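This document opens with one chain alone, in structure tokens, the form predicted on its own.
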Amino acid sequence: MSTALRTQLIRALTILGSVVLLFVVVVTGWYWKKKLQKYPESTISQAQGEQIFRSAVFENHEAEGVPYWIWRVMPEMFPQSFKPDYAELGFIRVAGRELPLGMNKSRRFGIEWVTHNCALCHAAAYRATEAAEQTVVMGMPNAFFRRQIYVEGLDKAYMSNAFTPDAVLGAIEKHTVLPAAEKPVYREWVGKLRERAIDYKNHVGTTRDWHPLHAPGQAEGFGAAKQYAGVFDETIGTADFPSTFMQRPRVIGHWDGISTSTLERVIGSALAIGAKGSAIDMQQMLDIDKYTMDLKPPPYPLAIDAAKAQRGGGVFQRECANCHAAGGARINTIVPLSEVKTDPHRQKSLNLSFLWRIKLGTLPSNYPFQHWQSSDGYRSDFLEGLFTRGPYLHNGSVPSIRDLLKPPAERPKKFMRGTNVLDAENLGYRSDRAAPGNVFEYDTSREGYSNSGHEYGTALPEAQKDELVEYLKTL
């Protein structure tokens, strides 16, 4: 074949491939638009929305769910992985509720299960002082939940030689007498959980195969999905759980501004914890989406110096409002990495090939995300409820707002994470070793953990920094 003919053939095949791809995109978009139109707009109240947010059951029993009595006995069967009642994993416990927030009971396959929903990562509690009772807040990022330890600990236990039907049923029978009809179901699921863990390990490995141990309140954004999809690279997508406050004005979402649909963000969260795309309860997704649209954060619970905050409001208008206030020219925009200079790993982990697999619905969830887009930086965001959202930057690499106003070289290079006790002076959570719950030393020298960048306001006089911090408590 001549060179000219080969060139023409390649060109023709390229054009044909482009046409086919365009056809698939159009048909996929039409299908899901039609599917969504079957569901009426949500009309729930905020109170109803909170109940759904707390108690929603996603169809993730076979992906991340755990049969209830197996979940109950895992800490005593595997004390090397879990403390009693899963202590130190950062679950949010509330009075009168057996399971942590974000975990719910439902019945499937003839037995009770523990499954996860949005509140596992997007509901949390703070304490105004070390002696104070906790205040639970819906939409607050759970900066204390150790998801990696929990999920990998379960999988390690499932693959253990000690995880046998006889051992599991023996442990359960110390607490309850299972109905005769449930015993064979539990025996069967002991084997299925082992198979699930082995399959996941074979396809994906563990998070630590490509990234060090996560801090509390963090997750790998795309790593597992990439490897299931056959996209293998060495990027690090680790980021802190974001808040879900006031989604209505957020035209773009996720840390990198990669989504322009609030509904797809809700659906993506369900899929991320194992829900099947084919089993998504769209009305439930619409209800949660409506609830988070106008979900307001709580007011700052400690004393605020009103005069200082008023002066800080002027500093904010000059230094911050352009990117972080309604009406600012750069709010809801992507600030390029070349300018913001924060850790680049998360942004670089969403490569073009993987992005199109997401948009076309070719991942295991088989759900197409039509409103995703590429990004070259991180989004400029609103700052409401800022005191509940520490540590700061997308990777939680700066413990307080006061530290964020320092030049990067002067920010803490190591600090502790895990406590929910507020740092009244600096705006954030206490990051000293003495604070109860601090279980993880965050080292900013690690890959993906850099505290560089976002140097806005770092040259302000110290008095103005203090005033700005005081004002930010009022948002």
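Note that residue numbering follows the sequence shown and begins at 1. Not measured: the values here are computed from a predicted model.
The following text describes the form predicted in complex with a small molecule, which does not appear among the structures shown.
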ask   = Pick from Ala157, Ile149, Ala219, Met103: which residue has any heavy atom within 4.5 angstroms of the small molecule in the model of the complex?
value = Ala219
remark   = Of His345, His214, Arg265, Lys290, the only residue with a heavy atom within 4.5 Å of the small molecule in the model of the complex is Arg265
message = Among the candidate stretches 127-135, 79-87, 172-180, 321-329, which one is within 4.5 Å of the small molecule in the model of the complex when only heavy atoms are counted?
response = 321-329
ask   = Should the three residues Ala225, Gly277 and Phe354 be counted as contacting the small molecule in the model of the complex, with contact defined as a heavy atom within 4.5 Å for each?
value = no
ask   = For Gly253, is any heavy atom within 4.5 Å of the small molecule in the model of the complex, or not?
value = yes
ask   = Does Tyr392 make contact with the small molecule in the model of the complex, using a 4.5 Å heavy atom cut-off?
value = yes
request  = Could you confirm whether Phe58 comes within 4.5 Å of the small molecule in the model of the complex, counting heavy atoms only?
outcome  = yes
query = How about Thr244: is it within 4.5 Å of the small molecule in the model of the complex, going by heavy atoms?
reply = yes
